[in-house]
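There is one chain below, alone, in structure tokens, taken in the form predicted alone.
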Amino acid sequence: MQETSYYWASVPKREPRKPLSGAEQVDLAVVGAGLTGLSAALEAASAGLSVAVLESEYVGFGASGRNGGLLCPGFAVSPGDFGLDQDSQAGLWRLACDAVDLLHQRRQSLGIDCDWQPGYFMSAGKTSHMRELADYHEELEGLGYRGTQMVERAGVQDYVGSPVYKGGLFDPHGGHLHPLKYTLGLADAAEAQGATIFEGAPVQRIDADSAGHVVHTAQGQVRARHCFVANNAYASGLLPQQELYILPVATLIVCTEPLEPALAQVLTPSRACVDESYNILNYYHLTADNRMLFGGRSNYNGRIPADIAASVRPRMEHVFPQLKGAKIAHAWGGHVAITLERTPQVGRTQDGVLFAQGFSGQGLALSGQVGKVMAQAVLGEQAGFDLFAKLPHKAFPGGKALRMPLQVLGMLYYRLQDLLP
């Protein structure tokens, strides 16, 4: 999908990094050069640890370099749904808020130009969505999270020029950015701190030994005191038991040619990013060069259709009749990993391998915080790791063979809910 993505078309071409060849010995081996793994690598290398990052494809290949670019503070569910005590709920919410601050601190201090634009609008397509958003707004106020504003129908046009919404909730702390530029910037920063990134180096297996772990690729191996697996939706059987707790969901995105400034101003006057309160939702925003980047048509069978543009266009034109017939310049798809609970799963295997997965569409900010927490755990600071590890998780029913078809059947119920008035 690299060649079809707007993101890759808007960054300079790069020479590929070398694959692993021979033997390496480090303090920390990281599997996966996405936002989570790169965050851990940067944090650990900055603390003086030797770090090797093993990426099966190239930096930014997975969801980190393909996602919609929406920075949505918090989790995919409200803290009250965590199933934890109030202190743990509040602690996790603080970590989520700190995740947004961490992203901003890094992009500014590291000089990562990633087209940041503030403003996040959660739209309500139904009256019931307005009630849900009002409850969420009240919950955020109770957690001390200030600044969000309920928006009634008459005020929607200040945020999005679409006739389909009844209101929404605006969060000035959220926003959108160019995720690939940010991911590539993190990789450069980690290397500047001494981490080594190997591309084209798929990991075949991880063995435990008396000194830690041995990570094997086809052409070499890395001996490490600590190992962190961060390949998320692109899991490859390294941790088969953990993979039963996530489901790879396909998500599709299109991007138009640059729009006339007057039209762009009508579509999103605030230039905020927008998502919806439906179970099967759309999400979108204007890019820095006035293109409409529109995501939707997520499916739970994991398949990417041959004609992505044809799949997404009807949804885009439903939200924005003004874009009927607009030329789509780029169309791409990929996978994100969800958990049953829609909260990230953080843990450690019996062999001591650290892992993090299942950001459930909220990974742009949370992944950075989780990566930092993993590096801190390696350095002996367990508080953040222990708090994330409290989140309860169940495996998807049906095992590896049936979990996907069963989830597809289950999602029919939520699709029907979306259709109800």
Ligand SMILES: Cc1cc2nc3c(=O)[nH]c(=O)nc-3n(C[C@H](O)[C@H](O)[C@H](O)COP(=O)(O)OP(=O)(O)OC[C@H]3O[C@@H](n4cnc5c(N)ncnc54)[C@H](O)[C@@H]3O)c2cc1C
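In this text, residue numbers run from 1 along the sequence as written. Note that the coordinates shown come from a computational prediction; the quantities given were computed from them, not determined experimentally.
There is another form of this protein, the form predicted together with this ligand, and it is not shown here; the text below is about that form.
In the predicted complex, none of the heavy atoms of Gly167 sits within 4.5 Å of a heavy atom of this ligand. Though the partner is left out of this view, Phe82 does not reach within 4.5 Å of this ligand in the predicted complex, counting heavy atoms only. Contact between Val51 and this ligand in the predicted complex is not found at the 4.5 Å heavy atom cutoff. Using a 4.5 angstroms threshold between heavy atoms, Gln117 stays clear of this ligand in the predicted complex.
For the marked spot (Glu55, Tyr283 and Phe359), a heavy atom within 4.5 Å of this ligand in the predicted complex is present in each of the three residues. Here the chain stands alone, but in the predicted complex its contact with this ligand, taken as any heavy atom within 4.5 Å, falls in 226-234 among 107-115, 226-234, 141-149, 188-196. Of the listed positions (Gln242, Ser311, Thr251, Gln89), a single one reaches within 4.5 angstroms of this ligand by any non-hydrogen atom in the predicted complex, namely Thr251. Proximity to this ligand in the predicted complex, defined as a heavy atom within 4.5 Å, holds among Ala375, Leu364, Ala45, Val26 only for Leu364. Contact annotation for 190-212: residues with any non-hydrogen atom within 4.5 angstroms of this ligand in the predicted complex are Ala201, Pro202, Val203, listed in sequence order.
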